[in-house]
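This document contains two forms of one protein chain, each encoded as structure tokens and listed individually as structure 1 and structure 2.
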Structure 1
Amino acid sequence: MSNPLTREQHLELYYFMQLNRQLEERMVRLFRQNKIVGGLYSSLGQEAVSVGSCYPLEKKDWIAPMIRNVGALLVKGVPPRDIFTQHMAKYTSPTQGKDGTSHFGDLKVRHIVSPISMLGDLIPVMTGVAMAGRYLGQNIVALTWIGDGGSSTGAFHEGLNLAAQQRAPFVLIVENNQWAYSTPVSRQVPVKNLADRAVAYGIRSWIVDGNDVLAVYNASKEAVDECRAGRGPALIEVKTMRMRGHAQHDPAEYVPKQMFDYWKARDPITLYEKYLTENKIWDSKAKAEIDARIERELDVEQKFAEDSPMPPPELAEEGVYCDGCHEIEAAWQRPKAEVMPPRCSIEPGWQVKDYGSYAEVEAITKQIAAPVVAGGGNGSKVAKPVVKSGGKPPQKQQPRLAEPETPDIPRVPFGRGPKDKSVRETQNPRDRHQNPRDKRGRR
């Protein structure tokens, strides 16, 4: 490992992943008992992503979790009772029962920005947090997650482009969990690796096994260190699998059974348990102690949530607008004079060394003279380039295209028939014209 962990840290990674899974399994049971008020989005199979990517962060760093990043909340110190009560819309929840899903944060203590339902919008928000932290002299790193589907939004591009241009200390984790609701990645984007998009912004990227918590941790640690040193931002694509539907109401019948079987054999917790055993980091007794501890803690936290009251009706009109109820003050950790004139003033002009030239075009231009010469017999004059002695004719510029991969495309069992364009494009051209209808509508 490039970033070796202590035995205690190894065991803590297991603790957080298993706590994440057992917490969500209990919430599934509560959902089926109609005790969960809003939607419930499972991160089964993705625990290594949330835990491994958040673990390298320091207490002062900021995160903005998505709906499947419960593990990151736990690493940041959010108690399970807050997650229970939030989804049950209890008065003791972080939002006092005003939200029934995952829209809660902690700006003052844990530095957690609440999720935004419009996918991709957290990227420009966290770019702003990263830039603000640098402006205030805090030396922080901001991190958020986006799914494979959300990576196709305009906010993804705009936020990442701004972060890249500003060299913001910002880390983006792209969770490639194979499905954007019911759309497979292969039918959404023409590239195999979503991390290839980082090249367009001139930033570093990694592609890692999202079911290997140590691989996720190592890539995240390196990216965080690079950002803190002023060499950010960074993008990490983690390849994993969403082992349940988009939410509890979705049975995920569109996912081929063979795909579930393949990823089930690569369960992140099972893989990590095997690693801990093979490397003699723990024994059966240590594992049993951690599992028992998780069971005890969740029993207490779930009981607290179930015993908590629902919010009183009069609370609905409170906390809607801020009318001087609290002060907002930036946490400056550098002299303000450093970012104010005259110390921060610069000349409003920049030197562009190559004047924006295209070197290859410029070299060809020097070899070519373009006098007007007689045309072909009709008396017209046509401008033709003349190659100088010893020169070479200009070569036609070849387009820079990546070779797209054509993987086997999972067939979606609804909404696709012979008239669907996507079906016609995958058919053999000869088969496409078999038994055509004539102009009279007969076969």
Structure 2
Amino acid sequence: MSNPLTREQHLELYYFMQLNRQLEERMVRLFRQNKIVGGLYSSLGQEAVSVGSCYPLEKKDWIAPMIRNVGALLVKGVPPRDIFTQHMAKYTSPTQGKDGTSHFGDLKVRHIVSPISMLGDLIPVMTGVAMAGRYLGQNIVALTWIGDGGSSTGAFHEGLNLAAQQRAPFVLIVENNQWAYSTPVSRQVPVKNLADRAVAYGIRSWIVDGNDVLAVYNASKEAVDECRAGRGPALIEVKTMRMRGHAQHDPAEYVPKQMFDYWKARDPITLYEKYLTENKIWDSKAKAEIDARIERELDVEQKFAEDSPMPPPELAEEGVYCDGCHEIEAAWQRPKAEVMPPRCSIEPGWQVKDYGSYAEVEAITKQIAAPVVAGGGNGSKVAKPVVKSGGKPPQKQQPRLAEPETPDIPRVPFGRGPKDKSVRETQNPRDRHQNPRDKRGRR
């Protein structure tokens, strides 16, 4: 797990992971006290993913969290009170009580796009963020997460394909926590590694131990750097485990006990603590200080949230439209003249590299080495798009029978026109096909 991080950064990673965990533990208690208005999702066991993947980002970069990415919000500078108040539907929350969980954003300062519940939809949106950032010359990277379950949505495919086609500076972290609600990953997708999907988009991918915060950090750093250098997008699959039910209401009885045991032994915070100790990056005193700081901070933040009022009812009627309440001003980091005529004008038309014939593909395939498989752990092997010939040359096609089958299928009248009505009235339905007007067969 060697890496170029400083001691302070190492300790900060611990701080954020532990803050993530303690914050969520407090929310579980608040939930049991009926102080959380809606559902409560937990990222127990996945703290290394949120923290490690967000940590390499710069202040100007954009993220969009999913429900289990509280840790990423903390890394981005969101104060814990925002997460408490969101869950408690308080007026002081970032959405003033209009939405809950991690459903809030910050366009101006922290550059966070609020998620919506519909899984997958952030992927095209963050692709657009990445494209706009590039267009404005901001040199930003946009990063979001998707669950193993959410990776089956159409928006995932459309978004990633567009990102790839646009070469957008966009990083997608596929959080494979083995379960989508009650369904194991093996019953959702027919591939072992979700990172294999990347091949279909012709983009780079990594497979990482999601319980190893430094491994997640290293891969994410590399992916972010690649994107910033114009070689995006990138996909990282992290292997981890959801250590609670889908949400508080779900006891997760469908998860084999041994599976929990297996992953409990690989708890990301315990593993990292061990690493810090073994490598003499900290001692018990340093740990105690950080832990105490976390408690102190959370005490203040939680009290703030508990003392906050609910939103006034009339707020429900406000804010459907932007009636001049926001000034929309893009932050240009390049001369506007570059994208204005005459400088942006071009000779329109496509350049086609080859003609796409089978013969051409065959010729190219002969020059290409065997497929490269994506690597694991701290490694960062690249999955290259592979041109496949499909094995054997195609069999000579049998000439197709020219004559299509024309079974005498009755055209069942489904309109309400007068003719159909008479058909219905005068005939036994079984004899319907003998009606001459049905002899035409199906269209």
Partner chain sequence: MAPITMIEGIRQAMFEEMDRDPAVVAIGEDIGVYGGAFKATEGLLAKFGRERVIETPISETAIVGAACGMGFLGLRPVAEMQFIDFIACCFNQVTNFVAKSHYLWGAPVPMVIRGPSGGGVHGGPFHSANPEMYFVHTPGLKIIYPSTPSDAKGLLKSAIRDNNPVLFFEHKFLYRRIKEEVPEGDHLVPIGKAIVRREGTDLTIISYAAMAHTSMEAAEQLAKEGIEAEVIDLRTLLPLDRETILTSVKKTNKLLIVHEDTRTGGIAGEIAAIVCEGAFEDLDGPIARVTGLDTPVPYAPTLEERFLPNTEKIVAAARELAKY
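Residues are numbered by position in structure 1's sequence, first residue being 1. What we label the rigid core is the largest C-alpha set whose atoms superpose within 1.5 Å from one form to the other. Here the structure is a predicted model, which is why all the values come from computation and not from measurement.
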Given these two structures of one chain, say which is the form predicted together with the partner chain.
2
Rigid core fitted, is the C-alpha displacement of Val199 between structures 1 and 2 2 Å or more?
no
Rigid core aligned, does the Cα position of Val352 differ by 2 Å or more between structures 1 and 2?
yes
